[in-house]
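Here you'll find one protein chain in two forms, each presented separately as structure tokens under the names structure 1 and structure 2.
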Structure 1
């Protein structure tokens, strides 16, 4: 028993050391990119590891206006935020019904939804393209929003199932005694109690969709509808002619900042939501 305990302790220490090293490396790389984005190209190549003593905030102004990252940033917001809201609007009721209501084939439908997470969306690119083409939704923000919602439903429903299953059955029974119907019970009692789970699902989907590239590249070809990830790709491609690396670092920073701020502001809620869905009543 003591050997087992010592073994676990040793593995815990190794795991913690690896975790700390990974965190330190990630923070170092992030700070290095921010520092490099504040240099001139000449200053960057003359001293790659040096600190930017005269910050060049104009690099950010340049990518925002000259490289049109401002337009792509707004496009990403206009696509990702409605996608996340629509996704929660569809997935939360679906997860509630699958988790709390008894009806024929409930288990089979739940398994089918979970199975959807295992389908690589790369396999769906061709049929989705023809579907959007026939609906005249190619090069449309609305079309991309619909694709994002459809492909993210299995993961979000699966995530929220755990939260709804942890809620006590007595809450629904008390609501029924007080005269609440199924819809009122869901919106006024059960949904507010899963706030942490909804926030966790929203943040995880926001991060995934904010950084999504392949679907946007497939269904969007107009410059004016580019998302931030596509704009970053175009900027990286232009480097072979301009050699403007500091602008690329500034663009990297711009892409990361929204998700970074989200995690800082909502980290406690996300952790509370993740742990709440990990146990059953």
Structure 2
């Protein structure tokens, strides 16, 4: 510690300042957007730095109802939450047997599933579109949910594998001696013990799917089914054209709030999950 303080040079100070500047920039930008979202358009255009003295909460009401952001918001919830739950329901059991049971082709199946992480979605976009088209699942929330689940399986199984592998073998043996069947062992013992992994998988996938744009854009076309990303994209075009910027700022704020809240509540689990994914091969 002593060495550190003694060796502090001008370069250290400059470096610190750069760190503070990077952070200050982000804070400033977010505050600026929130502040601007509470102004009138006139107020915003006359002085971009001015504080919103009489907050225009009406901007939020307008973007939510008149511009249908509320519908898109609910659509996103109706698509993302079932996707995450379904994803965990299929991935957790799969990751469990891949991590802890002996059976033929286990390694090959694990590799096959992990392989998906290296495939850019664009490769399968066209064939998948026509597959869904033939199944009459284009422009349906259910179809998009299925796609979201399937495409998130590689990462989720890979992440949960890491968590299941860390559990001691003796747990299963003890359960078996006590007469606990393999199913019961999984649901009553192993699954609760990987709670952190499940939460990390749920949060990381929620954030990823909440922000997903390409697949929604490809498989959804009716605007009553738009997700937030699509709605925001459509609004960006029309509001910039009409010059209603403050509403667009309000939309920005509303879209970012859910991920922000999750992040505040669960940042430790998120970080643990992220590093788990990167460190464990």
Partner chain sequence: MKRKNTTMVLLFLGPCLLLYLLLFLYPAVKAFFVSLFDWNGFTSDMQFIGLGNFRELFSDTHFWSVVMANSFGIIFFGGILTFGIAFFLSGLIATGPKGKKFMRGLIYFPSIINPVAVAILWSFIYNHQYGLLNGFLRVIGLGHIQPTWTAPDTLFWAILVALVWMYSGFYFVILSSALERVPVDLVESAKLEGASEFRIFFTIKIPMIWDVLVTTIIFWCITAVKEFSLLYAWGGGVDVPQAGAQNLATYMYMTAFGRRVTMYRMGYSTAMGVVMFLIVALFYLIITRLTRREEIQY
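These figures come from a predicted structure and were not determined experimentally. Residue numbers count along the first chain shown, from 1. Whichever C-alpha set is largest while still superposing within 1.5 Å between the two forms counts as the rigid core.
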note = Structure holding the form predicted alone is number 1
task = Spell out whether the Cα of residue 18 moves at least 2 Å between structures 1 and 2 when the two forms are superposed on their rigid core.
result = yes
query = So with the core overlaid, does the Cα of residue 214 end up 2 Å or more away between structures 1 and 2?
reply = no
Displaced residue check between structures 1 and 2: residue 57, CA, 2 Å or over, core reference = no
ask   = To one decimal place, what C-alpha displacement in Å is found for residue 267 between structures 1 and 2 with the rigid core superposed?
value = 2.6
